[in-house]
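Considered here are two forms of the same protein chain, supplied as structure tokens in two stand-alone entries, structure 1 and structure 2.
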Structure 1
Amino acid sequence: MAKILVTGGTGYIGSHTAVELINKGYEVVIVDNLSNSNIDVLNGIEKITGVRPAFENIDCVDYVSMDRMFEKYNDIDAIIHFAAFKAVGESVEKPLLYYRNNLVSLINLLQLMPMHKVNNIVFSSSCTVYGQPDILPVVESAPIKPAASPYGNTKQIGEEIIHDTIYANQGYQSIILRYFNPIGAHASAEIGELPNGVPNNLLPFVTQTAIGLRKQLSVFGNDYNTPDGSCIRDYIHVVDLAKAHVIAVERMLKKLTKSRIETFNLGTGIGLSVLEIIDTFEKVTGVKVPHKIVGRRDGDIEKVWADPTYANDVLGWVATESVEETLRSAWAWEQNLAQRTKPE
């Protein structure tokens, strides 16, 4: 079976993707420097799949170590490149940290691919490249708006670097996946999102507030031009997202791609507001989430949700998990985490 390099494979989306790859019989090699994840994630993957993937603690920015890694696992068939920093606010404070980490990692991989005869790469992009789209739901051909943060810019530049490199190298192909808002956790609650410090993203803040780790959730604005005034996003179950990566890899390995670079939105096609998420979470878990409305958060866009038709038609992939099930899974994961960290 094919061997897949998963950079950032102990991270949130990477770990769920590693599980889906292993479940489909792929051999997985994870490269992660644990800058935003924990080595224990490997235990979670092993518990779920019965297989412990190969793991290398390497910084993708370190060209020499990456070169050695490719030599060690000398017949990698495809790369799924998740490794990146992703905190929007931090990227504004430390832009060079983000440009170096996210772009040099990608450049190293693209440079090493031909040397090690790896032809296929899946890239983690983001709906952030669309900014506030003029037309909703947003399709892949929608204009790319000027990036609102250095983080967002690393995704835009990353896509451009891939375009230039793949078209300059005959035989290489890439699938670019633009994720909307991934939430939830594996049904086993053995792996999930592990935010560092105070969460920036909505869902971990909701679950941490529900479990009592945070006093109150701040809802950033209720004066947007939306039905209830709070922002709208397309929240997608991380396992649905992970499955799309397996399909993308299969598509490249079977040479089914129609062009050397294909770009897909990965979302549900459903827009939900912050207040709807809180309300649904409370309904499905029976747990209250203390919250208050505060001012808008700088840089937030009003509303965005995907048109996933292209991925549905071409990849034969559809997000199947309901938001209720997704929120339940996020809550089960938070509860499991609390059990693990409880003093004896």
Structure 2
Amino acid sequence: MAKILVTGGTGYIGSHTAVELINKGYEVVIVDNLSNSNIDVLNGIEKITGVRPAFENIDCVDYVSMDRMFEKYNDIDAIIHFAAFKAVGESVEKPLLYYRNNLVSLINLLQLMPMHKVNNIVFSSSCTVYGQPDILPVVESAPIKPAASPYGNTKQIGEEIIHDTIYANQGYQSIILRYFNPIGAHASAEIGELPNGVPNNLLPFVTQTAIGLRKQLSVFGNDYNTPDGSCIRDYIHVVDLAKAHVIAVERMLKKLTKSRIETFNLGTGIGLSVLEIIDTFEKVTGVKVPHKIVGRRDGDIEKVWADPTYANDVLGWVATESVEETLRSAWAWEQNLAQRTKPE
């Protein structure tokens, strides 16, 4: 079976994708520098699948170490590139950190691919490339707006780098997946979202507040042009998202792609506000989430949700998990984590 390199594979989406790949019989090699993840994630992957993937503690920005990694695993068939910094607010404060990390890591991979005869790469992109769309739901052909944050800009530039590189190198192909907002955890509660330090994403902050790790949740703005004034996003179960990556890899390996670069939106097609997510979480778990309204956060888009029709039709992929079940899975993961870390 084919061997797949998963950069950022101990991270949130990467670990769930590693599970789905292994369950489909693929051999997985994970590269991660553990800057925003934990080595214990490998235990979770192994518990779920019965297989412990190969792991290399490497920063993808380190060209020499990445070159050695490709020499060690010299028969990689495809890359799924997750490794990147992803916090919108932090990117506004530390733009150069984001440009260096997110772009140099990608450039290194694209330079090393032809040297090591790797022809296929799936790129982890984002709905942030659309900025604030003129028309909702947003389709893949929607205009790419000026980025609202350095993070969003790294995804736009990353897509441009891929386009230029793939078309300059005959025989190489890429599938670009534009995520909306992944939430939830694996049904086993063995892996889930566990950022180092204070979470930047909504759901881990919701669950950490619900369990008492955080005093209260900040809702950034209630004066947006939305029904309840809070931002609207398209929240997708992380396992649904992970399965799309397996389909994308299979599509390239079986040479089913219609062009050398294909781009797909991965979302549910349903927009939910921050306050709706909090309210739904409280209803499905019976646990209150203390929260307060604070000022808007730099770089945030008012509202965005996907039109996933193209991915549904071409990839044969559909997001199947309800938001209620997704929130339950996130809460089960948080509770399991609390049990693991409870003092003896």
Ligand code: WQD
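For the two forms, the rigid core is made up of the largest set of C-alpha atoms that agree within 1.5 Å on superposition. For residue numbers, the reference is structure 1: its sequence is counted from 1. Values in this document were obtained by computation on a predicted structure and should not be read as measured data.
Structure 1, not structure 2, is the form predicted together with this ligand. Remark: with the core as the superposition reference, the CA shift of G229 between structures 1 and 2 reaches 2 Å or more. With the core held fixed between structures 1 and 2, R68 has its Cα displaced by under 2 Å. If you fit the rigid core between structures 1 and 2, you'll see the Cα of L34 move by less than 2 angstroms.
CA movement of R297 between structures 1 and 2 equals 2.8 Å, with the two forms superposed on the rigid core.
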